[in-house]
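Just the one chain here, laid out as structure tokens, in the form predicted alone.
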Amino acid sequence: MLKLIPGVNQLISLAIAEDLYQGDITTASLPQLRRDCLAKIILEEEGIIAGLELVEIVFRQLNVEVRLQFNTRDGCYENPGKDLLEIVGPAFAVLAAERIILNFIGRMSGIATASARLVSRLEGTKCRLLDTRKTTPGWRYLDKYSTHLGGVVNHRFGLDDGVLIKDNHLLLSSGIGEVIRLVRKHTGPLTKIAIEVENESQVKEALRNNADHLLLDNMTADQIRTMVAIVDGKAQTEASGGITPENLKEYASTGVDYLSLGLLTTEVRFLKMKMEIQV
């Protein structure tokens, strides 16, 4: 599946170029590293695994034949000490690929694991967690693939992936009703329209104009609860801004349909893992 994600091959090419721009001068100095070795990717802390499929693409782009034995798969929860993957191939190539592989899998697994931990805090509510477009440039699809493995619902992948009328759109236009009318005329009746609203007046105006999804921006949990009651199921509701892991459950308990969190992909901590060469 990952090999089909837009841009993944280019991203791996960039990773290889920045680490091996003119080769690996250390391994080039050691002829004994031409022989095959066995390497294992070992997990050092518990978490959800993501990105394993990229290993094959890395070695293919390095133009080296290796044998890969996967002992888990993306989306699985694993404990420390788990042997995630075994690699048999030329030692120089395995060592050259080590940091590239660990960077991809470590980052993606970290995002998946953090996502799952936040999703677990919503238990007992109807609320679902959304990611955002606040991703590292070039990493959009891999970041969102990782949040999805953690149970998060993917928000828009790009500006061509859904209508979201935001405050700046409204500032440059003549009001909510006019903007929704123009967007519906351009996109057609089957396209859902989401709109960012900041107060009760805007909520009511958006509902009068049949908006499908209301983004309740930068409101307190009590304000969100009030807005949800006004909407009364006439549109989907999403809360964004000021939401943290600490107050996540409070916001989710307001009755809102979705919470969107940028920190899923902006505050990334790698899941710890290492490569061990077996001798």
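Owing to the predicted nature of the structure, the values given are computational and were not obtained by experimental measurement. From 1 onward, residues are counted along the sequence shown.
Beyond what is shown, the protein has a form predicted together with another copy of the chain; the following relates to that form.
- Looking at 197-205, 77-85, 115-123, 155-163, the stretch with residues near another copy of the chain in the predicted complex, meaning non-hydrogen atoms within 4.5 angstroms, turns out to be 155-163.
- Against another copy of the chain in the predicted complex, the set Glu18, Ile25 and Val64 is in full contact: each member has a heavy atom within 4.5 Å.
- Interface membership of Cys37, defined by any non-hydrogen atom within 4.5 Å of another copy of the chain in the predicted complex, is confirmed.
- With a 4.5 Å cutoff on heavy atoms, Arg60 counts as touching another copy of the chain in the predicted complex.
- In the predicted complex, at least one heavy atom of Leu30 sits within 4.5 Å of a heavy atom of another copy of the chain.
- Using a 4.5 angstroms limit between non-hydrogen atoms, Leu130 touches another copy of the chain in the predicted complex.
- Exactly one listed residue, out of Gln236, Ser253, Thr226, Thr220, brings a non-hydrogen atom to within 4.5 Å of another copy of the chain in the predicted complex: Gln236.
- Within 4.5 angstroms of another copy of the chain in the predicted complex, the stretch 188-202 places a non-hydrogen atom from each of Gly188, Pro189, Leu190, Thr191, Lys192, Ala194, taken in sequence order.
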